[in-house]
Structure formats: structure tokens, C-alpha cells
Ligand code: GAR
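Quick heads-up: it's one chain on its own, the form predicted on its own, in C-alpha cells.
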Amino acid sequence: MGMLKVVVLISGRGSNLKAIIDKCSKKDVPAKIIGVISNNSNASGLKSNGKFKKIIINNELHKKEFEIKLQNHLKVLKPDLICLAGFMKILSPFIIKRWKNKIINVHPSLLPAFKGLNTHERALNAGVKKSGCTIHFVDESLDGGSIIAQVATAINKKMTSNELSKKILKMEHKIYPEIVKLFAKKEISVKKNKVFIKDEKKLNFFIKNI
């Protein structure tokens, strides 16, 4: 089994990037990060240690110009999987079509609920009993795309949005790297926008214990 080549796109602290780096360092995970791309030169995630290329693309560029540069870098890197990890730019069809079913994202809600920003505040204001995080394929709709996995947690009425954010982020740090591992082991496939996981019971057991 060949190594899964992963490129991670970040805009900030890169805590999910670090979690994926840790997972890829394990002997039983046939994956390696070959590049980290950011639209923010001050992103602390760029300080992460690893033998991978670190690339900054000027955020001030016009969207089309930005994505041409991004595509040029991706063409050189040739990733098998592109992970969005706190990447605060919406990708256009120009990128998405070229990397169909190869771009995944983590979103801090139980999609399709609370797409977009300020998810935790909106979940608390709506009075929902549960929230969580979703790993999904990226398509041309905002926070759309086929869902790969979700982790749910109960919401305490007294919680602040900051407390809920921290709780869900910890869950992201466990499920996102695990999904990368399943890609590396060729245990995830997609057909007609439906996601198939080779051993769904095993994944569900993993999720239950997060």
C-alpha cells in the first residue's frame, strides 16, 4: 500500500493540522503530509514541525488569481487528499472540479445544521440539545458535500459559546485524523455522492468513545 499524500490548507493556529501530523507519524498510518498552504503569513500553524513544504499565498490577491496560484502549487504537489483545517476562504468550482472527491473539510456543527460562521452561538441561541462536528467532502455549495462522519455531544444550557467551541474542537482533533487514516487505508470510497466506509461498525465504535 502506497503512502497517501496529504496537503493541508490552514488560515490560523492549525490545531487540526497538528492532530493530523501526529496521526501520520504513527507506523500503522500509511499517510504523510507533503504540504501546508496558508492564506495568512502569520498563521501559527505554519510553525508546525515536519518535513513538508510550507506555502503562503497572498490573501490580498483577487480570488481568481489566488486560486490560480493555489492550483499551480497543488499541481506540483499532486496530493491524494486535500484537508481544509480552519481555512477561511471559500473555494470556487475552479479548484473543486479539478480535485473532485479529494477535498475534505471539518465543520463545527452537525451538518446540515448551522452552515457558515458563528456556529456555536447560533446553536446555543437556537436551543438545540446537541451539536458536534462533521467531516465532509467539499462540493460547490457552502458546507455542503457528502458527509463522511459526525461526532455529537450534548449541550449544557449553561454553556458559553467558548466552552462549546473548546469541547467540539477536542472532538475534531480525534475524528479528523482518524478519517485521514481511513483514507490512507483505502477504507473510504464515494459513489454517486454516497460515502461508503469499509468497516462502519469499527468507525462508529471509535466515534462512540470520543
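Remember, predicted model here, so these are calculated numbers, not experimental data. Note that residue numbering begins at 1 and tracks the sequence as displayed.
A second form of this protein, the form predicted in complex with the named molecule, is not displayed here; the remarks below concern that form.
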| query | finding |
| --- | --- |
| Joint contact, 143, 169 and 172 to the named molecule in the predicted complex, by non-hydrogen atom at 4.5 Å | yes |
| Non-hydrogen atom contact residue 186 with the named molecule in the predicted complex at 4.5 angstroms | no |
| Partner proximity in the predicted complex: residue 86 to the named molecule, non-hydrogen atom cutoff 4.5 Å | yes |
| Contact flag, residue 79 vs the named molecule in the predicted complex, heavy atom cut 4.5 Å | no |
| Residue contact check: residue 106 to the named molecule in the predicted complex, 4.5 Å heavy atom | yes |
| Residue stretch of 106-114, 123-131, 71-79, 92-100 approaching the named molecule in the predicted complex, non-hydrogen atom distance within 4.5 Å | 106-114 |
